[in-house]
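Okay, so here's just one chain, in structure tokens, the form predicted alone.
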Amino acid sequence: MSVTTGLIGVDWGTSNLRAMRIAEGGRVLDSRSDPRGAGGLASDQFHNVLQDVAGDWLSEGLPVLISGMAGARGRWREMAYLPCPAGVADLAGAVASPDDAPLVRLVPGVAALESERLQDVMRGEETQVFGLDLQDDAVVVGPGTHSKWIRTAQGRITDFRTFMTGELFAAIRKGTILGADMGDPGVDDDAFASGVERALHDPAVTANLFSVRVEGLAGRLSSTSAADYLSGLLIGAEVAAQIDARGRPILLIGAEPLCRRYAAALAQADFHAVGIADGAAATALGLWRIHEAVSR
């Protein structure tokens, strides 16, 4: 028996987009990717890109729901950030259409506030969170360029914090003396663990970074292993900053190799209830759940 499409869902990131045919219930039937991310598009270009990628799907008259950076300032249509705590119903109640595509709806982002002052923001990750079947009081960790630690309770996002771990790693490798002759990460698990251990026991992040050079001069760290040690220092510092979450269930969501690296760092820090989720499946199910709430 054939399964019919109930929704066209789009995860529009800064550097690429993923369009999906989503069946009723949230399962992905088909998907297409394109490198034209929101970061390189003017507001009047989004509709044409979407037509290029999924025009044949759009011709079927199906509802279209888009999460991510298409709703950022200066992009297709700026969507306001909803304050925490925020749930599926809150997002569904705030979706809106761009002027040039009235049948398309954009999902808003979420903001963390303190004393009514803006502290942190996210777009896209909230949709993934709502595509997960979470234990109460779980923490969703999204490793990447800008890692997110998202705290939840009773099915809502209650707070979160962003760490520029991935971007800082790339900047240090490309633009500092530490990156000279540095190899690629993923070759020396022991060097990674050593970096994590140092970061967990010493909060002086910028001093720890210089240890990459010192360890090399001392002959204890090869250029081949330096990237793994640096990765361990940065991920370890991130984990150390969230050590108060150690007693809560942790769910990692993102690229599998990076999630496994985070899982190893979390294990070193005595986090015990750690799992890894399928990011693409969570995004699709999150979009479906928001769509269902919009349709009620």
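These numbers were taken from a predicted model, which means no experiment stands behind them. Position 1 is the first residue in the sequence shown; the rest follow in order.
This next part talks about the form predicted in complex with another copy of the chain, which is not shown.
Enquirer: For the chain shown here without its partner, which stretch in 132-140, 173-181, 151-159, 83-91 has non-hydrogen atoms within 4.5 angstroms of another copy of the chain in the predicted complex?
Expert: Answer to the contact question: 173-181.
Enquirer: Please state whether every one of the three residues Ala245, Leu258 and Ala263 places a non-hydrogen atom within 4.5 angstroms of another copy of the chain in the predicted complex.
Expert: No, because Ala245, Leu258 and Ala263 lack any heavy atom that approaches another copy of the chain to within 4.5 Å in the predicted complex.
Enquirer: Since only the chain is shown here, I'm wondering whether Pro203 would be in contact with another copy of the chain in the predicted complex (any heavy atom pair within 4.5 Å).
Expert: Residue-level check for Pro203: yes, a contact with another copy of the chain.
Enquirer: So, in the predicted complex, is Phe192 in contact with another copy of the chain at a 4.5 angstroms heavy atom limit?
Expert: Judged by the heavy-atom cut-off of 4.5 Å, Phe192 is well away from another copy of the chain in the predicted complex.
Enquirer: Give a yes/no on whether Glu197 approaches another copy of the chain to within 4.5 Å in the predicted complex, heavy atoms considered.
Expert: Glu197 lies outside the contact set for another copy of the chain.
Enquirer: Given that the partner is absent here, does Ala96 sit within 4.5 Å of another copy of the chain in the predicted complex, heavy atoms only?
Expert: Residue-level check for Ala96: no, no contact with another copy of the chain.
Enquirer: Going through 106-128, which residues have a heavy atom within 4.5 Å of another copy of the chain in the predicted complex? Please give them in sequence order.
Expert: Heavy-atom contacts within 4.5 Å come from Arg117, Leu118, Gln119, Asp120, Val121.
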